[in-house]
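One protein chain, two forms: both are listed below as structure tokens, the first as structure 1 and the second as structure 2.
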Structure 1
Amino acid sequence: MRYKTQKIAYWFFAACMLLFTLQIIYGFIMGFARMGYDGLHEIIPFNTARAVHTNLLVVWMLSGFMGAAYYIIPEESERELWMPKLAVIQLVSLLLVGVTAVIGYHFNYWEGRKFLEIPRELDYLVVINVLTFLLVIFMTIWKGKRKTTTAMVLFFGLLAAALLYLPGMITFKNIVFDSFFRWWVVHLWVEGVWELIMGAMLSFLLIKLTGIDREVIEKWLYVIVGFTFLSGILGTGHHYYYTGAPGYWLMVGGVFSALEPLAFLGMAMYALSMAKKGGRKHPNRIALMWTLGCAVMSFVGAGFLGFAHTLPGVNIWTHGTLVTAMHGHLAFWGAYAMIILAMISYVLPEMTGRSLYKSWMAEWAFWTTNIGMIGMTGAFGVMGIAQVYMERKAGMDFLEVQESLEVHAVGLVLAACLMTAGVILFIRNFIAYGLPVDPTETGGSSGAAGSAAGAFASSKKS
């Protein structure tokens, strides 16, 4: 870490840890309800738990992206953040809006629009908040010494994410229109502009961790985000098959969304080959594990499991079943949760000047969260496929099918416990690092981590 204001990122990441924990608690409430233990039904019915679970997910990811941007942009632009006070205000207001929304969900204060449950009044506050964030980032880049590709891709990813939030705020009387534009937010985020953000973070981490020449890494970044948009934009059609839109979307959505895994495959190959070429010499091995893990797991969760149900002939049976939940979990985990955890793992030693590189907690956190998540994906997968065959293909009664699946929900919850144990380790490790300190004159933070990483950086000339 070279600039004082980069420390702001720490608090965004701390917010991530807090919101992630809450998200998991609400996940368990649903997991137990699916096992048949719905004792909380009167206070926290399933729809409340679900809205809280998915919205906290989105908020902690946005908080993670913002933290990453506040760390990456000064480093790439070679200057302090512009108006760091705004960044602090922005963090506090983001948390206030998020927490208000989540509390409101317990009192029927929401909109029944999956993933966009935040009530309209709070939407405007979100917009103001994000504009503030973009302003700080933009001014820092504008006044900076250099404008790198990584910084530009990150900025435009964030800007486009903000713009794409707006179609989700139009009110329609007709539910078919409402659903059409809801996907401009949900799909074009996760299978479009968020991939830009992820790609930029990946490229930043690879530059730092492998020491490979920036020009090479950034060239491939363009190719990958090129594939993302080439397939992802028209791939939106895979949500238009059966929701009232015209039949040509079956063709358009089918062909283009089937190409979407290429971008994720590209990401995985790119990360692995760069790490191999770079020889993995950076002492922060854990950060590299998360980075490469992210590239691989996003291909499995988003690319492979997404492809598994994206063709119209398959989707007509799996649409709106637990098969979707299976894919949703591993995709969000592999692509976005892991890239943020990679960023945090990289940033902590840099910021605090402590080199806990060999911590057993960090290593165990990586493996238990991932194995737990794969187990959850498996449980959702078994439930989803059974549901498709029994309910959709054989015409059995919905509730009867669901009740016969309760035993697999036990498996889901057991795997979730494993993954939660990993998350607890990760957070323990996060706390063990302590608070961030100001950077020293020599470049890195004071202490062993700073100088080891500093020496690495200067020897590799990044």
Structure 2
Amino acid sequence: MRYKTQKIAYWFFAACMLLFTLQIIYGFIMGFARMGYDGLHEIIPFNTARAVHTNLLVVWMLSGFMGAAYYIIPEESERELWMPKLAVIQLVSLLLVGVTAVIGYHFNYWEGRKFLEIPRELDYLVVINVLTFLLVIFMTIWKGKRKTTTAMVLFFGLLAAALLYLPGMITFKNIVFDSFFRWWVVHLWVEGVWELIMGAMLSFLLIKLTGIDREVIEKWLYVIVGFTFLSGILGTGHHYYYTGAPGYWLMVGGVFSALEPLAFLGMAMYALSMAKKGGRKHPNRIALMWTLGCAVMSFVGAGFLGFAHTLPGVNIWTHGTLVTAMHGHLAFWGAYAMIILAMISYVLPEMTGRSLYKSWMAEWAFWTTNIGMIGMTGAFGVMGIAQVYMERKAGMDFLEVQESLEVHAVGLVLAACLMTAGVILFIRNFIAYGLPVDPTETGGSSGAAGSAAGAFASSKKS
């Protein structure tokens, strides 16, 4: 860690761990309900648990992106954060808005629009919060000594995410119009501008972990930007069922959606193969594993599984079923959760000077979470395919189908238990690192991590 204000990122990552834990708890509430054990229904109905689960996902990932930006931008701009106290206020306000929204959902304080349930009054607070965050990032870049492609792609990805939140705040009396524009937020976030954020974070990590020249990695960022705007925007069409849009959008959306993760997979494979040929090995192997895993799992979850059910001839039957949950869980995990966990795994040793990435706990956290998530994906796939055939092909009653799927939900919950064990190990390792230290206390880079990074830098020069 080169700059004192980079420590602010730690608190955003700590918020990630807390919100991620809460998200998993609500996931188990839904999992047990799917098994037929919905004992909390009177207190937390299924629709409330689902709204909390998905909204916590968005908040903890946004917190992770913000923390990553507060670490990456000073490093890339070669200066301290502009007005770091404003960044701290922004974190506190983000958590207050998130907590208020989650509590409100339990009392039916929401808009009732899927994925955009947050009440309108809190919408305005979210906009103010994000604008504050963007101001700090922009001024840091503006006053910095250099302006890199990685920093600019990260900033414009975050800016576009803020702008694309606005269509979701437009009020439509017509539910068809509302559904049409709702996808501008939901789809163009997760399959559009969030990919720019992911690409910038991936670029930063690959530069740091592989030793490949910045120029080579950042050329791939241009490819990512091109793929994102081509496939992400056109891919929105695979959601346009029952919205009155022309039918050709379904085919266009289905085909272009499958192209999105190819650039990420290509960038990671290229950088890692070049690093292997050059014999350059960064000591933080776990961060490299999370980084490579992100590229592979996002390709499988967002690309392969997305393509498998977004073609119109398939999606007309699978749209809105548990097949969508199969694709969504692995896509979010691979593309966004893993890149945030990769960033945390890289940043913590740099902040604290402790090389806990060498422990068994870090390795087991990686493997158990990923194996558990693959198991969950498989369970969702089995449940979804059965649901499609029974409910939409055979015409069975919805509740009768849900009851017949309860046996498969057992496998889902067991896989979720394995995944949760890995998350617990990751959080324990996070806590074991302790609080970040001042770079001035250790002469620039922190302790063991600084020594390892120095040795890696020396090997690069030689």
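In this text, the rigid core denotes the largest set of C-alpha atoms whose superposition between the two forms falls within 1.5 Å. Quantities reported herein were computed from a predicted structural model and do not represent experimental measurements. The first residue in the sequence of structure 1 is number 1, and each one after it adds one.
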- Task: Name the structure that is the form predicted on its own; the other one isn't.
- Result: 2
- Task: Once the core is aligned, please say if the CA of T369 is shifted by at least 2 angstroms between structures 1 and 2.
- Result: no
- Just checking, between structures 1 and 2 and with the core aligned, does E350 shift 2 Å or more at the CA? no
- Message: Given a superposition on the rigid core, I'd like a yes or no on whether G157 shifts its C-alpha by 2 Å or more between structures 1 and 2.
- Response: no
- Supposing the core is put in the same place in both forms, how far has the CA of M251 shifted between structures 1 and 2, in Å? 3.7
